[in-house]
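Quick setup: one chain, the form predicted on its own, written in structure tokens, and binding and motion questions come after.
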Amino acid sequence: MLQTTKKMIKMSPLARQSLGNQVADVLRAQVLLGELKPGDVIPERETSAALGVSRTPLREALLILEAEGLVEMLPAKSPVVANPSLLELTQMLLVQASLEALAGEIACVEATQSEIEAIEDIHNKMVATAHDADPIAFFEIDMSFHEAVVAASKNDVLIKTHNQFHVRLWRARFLTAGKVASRETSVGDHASIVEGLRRRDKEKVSSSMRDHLRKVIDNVTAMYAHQET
């Protein structure tokens, strides 16, 4: 009888984060903080040299940011920072408001007690850091709250659809959440959502989620109006 021996394939441990993801993190922060402004060109040769990387991880990073709606890749042209219109942002935010309202309603039924407690923990972290966290750190906590509520719906189609809008709205939501007053409003809205989840009150959670996103629409509209003056 023919015997075969199994060979162990030697592999190096995978890095926790690829170089392309690291570059994406740097560029994303520059876009969110306004160091790279809407419409700015991102020249690949100069940018890769400035970051000390080859153009391969830079291109990987740009594709990540394109999927997030932060960068536009144009044929035969250098990538540019995305500059969506107010109408585009408003339409996406209206859809996202409906998606999050539905997710909150479903989460009241589907979420486990431990998931609700985890959402409340994120809220408590926001409360603790509202006045001293750096803008991006606070924003990431804020977004993780929304992601956790949507995930608690356990509806795969809803989660996937929400994510498509969620990442494309990061910059608009970041810009409207930067002020301390906006943070306090956000914390208050999240407190209402957490209370509704604890009570399994579908109507309260759904309306709170929708109202929260409509405030974002108002803030984005005000921001665009200010830019035009």
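Each form is matched to the other, and the largest set of C-alpha atoms that superpose within 1.5 Å is called the rigid core. From 1 onward, residues are counted along the sequence shown. These numbers come from a predicted model, not from an experiment.
Another form exists, predicted together with a further copy of the same chain; not displayed. Remarks below refer to it.
- By the criterion of a heavy atom within 4.5 Å, residue 185 is excluded from the residues contacting a further copy of the same chain in the predicted complex.
- a further copy of the same chain is not drawn, but in the predicted complex it has a heavy atom within 4.5 Å of residue 60.
- a further copy of the same chain is not shown here, but in the predicted complex it comes within 4.5 Å of a heavy atom of residue 99.
- Remark: residue 155 counts among the residues lining a further copy of the same chain in the predicted complex, judged by a heavy atom distance of 4.5 Å or less.
- Of the candidate stretches 30-38, 186-194, 46-54, 61-69, only 61-69 contains residues with a heavy atom within 4.5 Å of a further copy of the same chain in the predicted complex.
- Though a further copy of the same chain is absent from this view, in the predicted complex it lies within 4.5 Å of a heavy atom of just one residue from 81, 92, 111, 122, which is 92.
- This chain is drawn without a further copy of the same chain; in the predicted complex, the residue among 88, 115, 140, 147 with a heavy atom within 4.5 Å of it is 88.
- Residues of 159-176 lying near a further copy of the same chain in the predicted complex, listed in sequence order, are 161, 165, the criterion being any heavy atom within 4.5 Å.
- Annotation: Cα of residue 74 displaced by at least 2 Å between the shown form and the other one, core superposition.
- Core-superposed comparison between the shown form and the other one: the C-alpha position of residue 44 differs by no less than 2 Å.
- Note on residue 70 and residue 160: their C-alpha atoms are nearer in the predicted complex, a change of at least 3 Å from this conformation.
- By 3 Å or more, the C-alpha separation between residue 64 and residue 141 grows in the predicted complex relative to the form shown here.
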